[in-house]
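Single chain ahead, by itself, as structure tokens, in the form predicted alone.
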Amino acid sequence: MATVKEAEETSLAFTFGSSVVSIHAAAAALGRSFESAVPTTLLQVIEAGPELWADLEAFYDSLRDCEFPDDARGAWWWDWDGVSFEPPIIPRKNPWVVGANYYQHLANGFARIPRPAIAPPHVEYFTKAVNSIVGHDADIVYDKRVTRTVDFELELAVVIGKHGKDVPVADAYDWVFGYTVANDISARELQLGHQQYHRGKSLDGFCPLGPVIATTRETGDPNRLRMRQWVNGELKQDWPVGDMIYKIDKLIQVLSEGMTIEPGEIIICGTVPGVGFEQLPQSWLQHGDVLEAEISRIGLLRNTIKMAGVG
């Protein structure tokens, strides 16, 4: 599912290959009714619970193999490039991000010091501010007075589907609504200079998400997915999702210890090898660079780096 904008109107949408279908407009045009009213945001859909999810999945299935009529193009469905993609969801809380969750990424960073890499003895969480979230095809604008060391980090993002506390590892996947693609954009000198990650990770636009949230039914086992990121067409990151030090079920169990997790919360699961910080010499993003971050069975998230004040 996605959140799209067409002619200044924002809609919840299904995506089918290169086609985008407005859920509300299509339901009205096709006479499709639901057991309960469909909210206007994906966060509200998640909060509504499994009965509505099942109803929407049935509608999705009914459209999956349809040939959409030409006379409805622009009314309740569009070509992919006929709409703009907003962030699929804006959570009520700051997104959670996991640090040092892929050993090879950790080892590459420590090799620069040089120093042996040691896997963290526990899950390392930090957050990115909600204001940093942007969508597919949004520009990521940085101010050179604030940072000159902008880096990319492709990551799988988990979207929580229900309230929970002290969730057992064995049951943790029951709390997952779906998955999306995240790029944990980082201002490295702020991250290191402040000796904590939040500010260096939370500048405006530094959390691209999308283009869609794929439900667990669509992705299957997330550990079997693969993530790839290109910068200006050059492949920089290419790694299996499942190579995490701490898997998704463990991340949920740890986060929920003594603290309630809520529908729509986001857990960004850590990056894989290939980021600019690891390189010798280090390589930072520049004005005009195009990032294409892809996770199989979810989609491709594209964003362009811009320097403030440069046309």
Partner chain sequence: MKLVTYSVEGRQRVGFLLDEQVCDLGKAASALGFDLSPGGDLASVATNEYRGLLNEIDEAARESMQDEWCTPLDEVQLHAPYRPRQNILIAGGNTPDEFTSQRMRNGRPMLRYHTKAPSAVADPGEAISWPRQLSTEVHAEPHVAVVIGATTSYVEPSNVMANVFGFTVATNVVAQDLKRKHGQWDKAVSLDTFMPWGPVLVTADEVDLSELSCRLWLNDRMAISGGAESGLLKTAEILSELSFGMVLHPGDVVLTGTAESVGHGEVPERWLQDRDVVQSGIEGVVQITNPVSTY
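Bear in mind that the values here come from a model prediction, so they are computed numbers and not experimental data. Numbering follows the first chain given and starts at 1.
Here the subject shifts to the form predicted together with its partner chain, a form of this protein not shown in this document.
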#### Entry: Contact residue in the predicted bound form, from K93, R73, R217, R224 (heavy atom within 4.5 Å of its partner chain)
K93
### Task
Identify which of Y197, W239, Y103, W230 has a heavy atom within 4.5 Å of its partner chain in the predicted bound form; exactly one of them does.
Y197
### Message
Please pick out the stretch from 208-216, 116-124, 77-85, 152-160 that is in contact with its partner chain in the predicted bound form, where contact means heavy atoms within 4.5 Å.
### Response
116-124
### Query
Hey, in the predicted bound form, is E262 touching its partner chain, heavy atoms inside 4.5 Å?
yes
### Query
Do G258 and its partner chain share at least one heavy atom pair within 4.5 Å in the predicted bound form?
yes
### Query
Does the 4.5 Å heavy atom contact test between D174 and its partner chain in the predicted bound form come out positive?
no
### Query
Would V254 count as touching its partner chain in the predicted bound form under a 4.5 Å heavy atom rule?
yes
#### Entry: Contact at N131, V146 and L203 by its partner chain in the predicted bound form, all three, heavy atom at most 4.5 Å
yes
### Query
Heavy atom within 4.5 Å of its partner chain in the predicted bound form: which residues of 171-190 qualify?
E189, L190
